Every structure is written in structure tokens, then in C-alpha cells.
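Just one chain is shown here, as C-alpha cells, and it is the form predicted alone.
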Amino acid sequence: MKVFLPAALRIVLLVLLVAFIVYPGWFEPLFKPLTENNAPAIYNQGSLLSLTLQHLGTVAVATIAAIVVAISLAILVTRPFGAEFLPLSRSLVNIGQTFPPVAVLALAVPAVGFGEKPTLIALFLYGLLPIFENALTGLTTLPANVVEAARGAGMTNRQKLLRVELPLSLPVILAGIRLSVVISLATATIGSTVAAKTLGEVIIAGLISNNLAFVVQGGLIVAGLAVFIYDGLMALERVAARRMGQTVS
């Protein structure tokens, strides 16, 4: 029962979130008390479904790029020939955390213009650190007996990496990806300040028109997406961890 109730509650909340994104008009009575002077209760300057899909698409592209670069760097610095590049790699992945996202957007706009590109750059840089650090931790804390067994089985370095090291490191890497995705989901909202199509449009429209209903709608959708994606990736981590345990044993 203790497991069932939270799961059932999550399912109900997920259904409500999807229903609101697809059919926001159904929920107008709930948001009407948040408006003043007969202002619209539901965001009417675009499609919430379209903005949500574009928001998720922007986060997905930036996250995939960050995964490829961060894991590649982690693999490089855990090889004997690349160990000397560890300080440089750490400096590179820390760039995104050094500057606030707004500052990254401000620097990127003169170079690539307004729209989605500066947002992708900011999210990419912001997402590197957690993925890199977790991948590095996963690759450097592998069970010594398993690695030695792979070496004794005659595996090449490439086979050992692909068949042993990365699969065993997967739960830790997924934890970094989960953190990166949640950060990016929230950070992507400010992309609307440079004309990127994200859910930040809803929040900004509410702030400009002093319409609390719009602000709440944008915030609820972003928060809901973050929670459910976090839960999904957490479940994936648990599956990967169980498989790793079976492999090691």
C-alpha cells in the first residue's frame, strides 16, 4: 500500500498535467481567481502543447550534446594517455557553472543571434559538469576484480570499455544525466528572453501583463515536467543498478 499510493498519485498527477497541456480550457475555472480586470485565465498567445514540445526538444538536444562531450572527456581522462588532460577537462566543464545562464545568453547572442541557438549553448555548457563528474566517478570506482577479470579474459581496451566499464558505470552516469536534465528544464525558461520558443514565454507574458494565472501555468508545467522526468530517470537508474549488481555477482 505504501508503494501503491505514491505511484497512483503520480499517475493521476501525470494525467492531469497532460490534460492541462493538451486541453487547457478545461481548467479555466481554477485559474480565473488569479486574474484581474477580466484578463484571460488561460494563456492565449500560443499553444501550450507546442511550447511544451519545443521546450522539451531544446532540452533534449542540449542534453544529448552534453552527454556525448562529457562522457567522451571522462573516457579520455581515465585512459593512461589522457590522464594529463584531467585538469584542463575540469576547467572546460566548469565554464557553464562559472557564469550565470543569463550572462551566457548575453555573450552568445552577439555571436549566434537571437532564437534557439544561444539557449542551446547555455544549456549545453550548464549540463556538462554533472555528467562529466559522474561519468568520471563511475569509471574510476569500478570493482577491481571485474576489471581484472576482463583483462584476463583477453579483452582489448575497446572491448573492456564498451562491455565492462561503461555498463558498470551506467547507474552513476544516469544520476549525472538526471541532474543535468532537471537543471536544463528549469534554465531553459530564460531562453524566451532571447526569443527561444520555451515555456518561459508563458511566464514572461504573465509578468509583463501582471497576470498571475499565466505565471502559475508556466511554472506548474515546468515543475511537473521536471518531477516526472526525474522520476523516470530515477527508475531507469534503479534498473541499471540491479543489472550491474547481477553482473558483478
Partner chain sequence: MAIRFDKLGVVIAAIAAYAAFLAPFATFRANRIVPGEGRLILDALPAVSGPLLLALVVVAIVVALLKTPLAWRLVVSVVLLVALALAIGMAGGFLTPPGNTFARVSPASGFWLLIFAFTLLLADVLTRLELSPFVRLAVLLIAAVAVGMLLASGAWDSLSILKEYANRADTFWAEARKHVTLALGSLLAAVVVGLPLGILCHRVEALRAGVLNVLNIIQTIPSIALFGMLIGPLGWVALHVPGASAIGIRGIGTAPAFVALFLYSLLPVVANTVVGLAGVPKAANEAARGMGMTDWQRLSGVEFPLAFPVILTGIRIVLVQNIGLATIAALIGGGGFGVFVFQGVGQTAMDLVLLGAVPTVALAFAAGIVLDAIIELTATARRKEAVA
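Numbering follows the first chain given and starts at 1. We call the rigid core whatever largest set of C-alpha positions still superposes within 1.5 Å between the two forms. Predicted, not measured: the structure shown is a model, and the values here were computed from it.
Form predicted together with its partner chain: not shown, discussed below.
I75 versus its partner chain, in the model of the complex: is there a non-hydrogen atom within 4.5 Å? Flag for I75 set to no.
At 4.5 Å between heavy atoms, is V216 in contact with its partner chain in the model of the complex? Close contact exists here: in the model of the complex, V216 approaches its partner chain to within 4.5 Å, heavy atoms only.
Tell me, yes or no, whether P100 is in contact with its partner chain in the model of the complex, where a contact means a heavy atom of each within 4.5 Å. Yes, contact at 4.5 Å.
Can any non-hydrogen atom of T52 be found within 4.5 angstroms of its partner chain in the model of the complex? Result no; T52 lies far from its partner chain in the model of the complex.
If the cut-off is 4.5 angstroms on heavy atoms, which of these, V182, L56, A65, I42, is the one near its partner chain in the model of the complex? The option sitting close enough to the partner is V182.
Going through 92-117 from first to last, which residues have a non-hydrogen atom within 4.5 Å of its partner chain in the model of the complex? Going through 92-117 in order - heavy atoms within 4.5 Å of its partner chain in the model of the complex - the hits are L92, N94, I95, Q97, T98, F99, P100, V102, A103, A106, L107, V109, P110, F114.
Rigid core superposed: P167 CA moves 2 Å or more between this form and the one not shown: The answer is no; the displacement is under 2 Å.
Is it true that P87 shifts between this form and the one not shown by 2 Å or more at the Cα, once the core is aligned? Yes.
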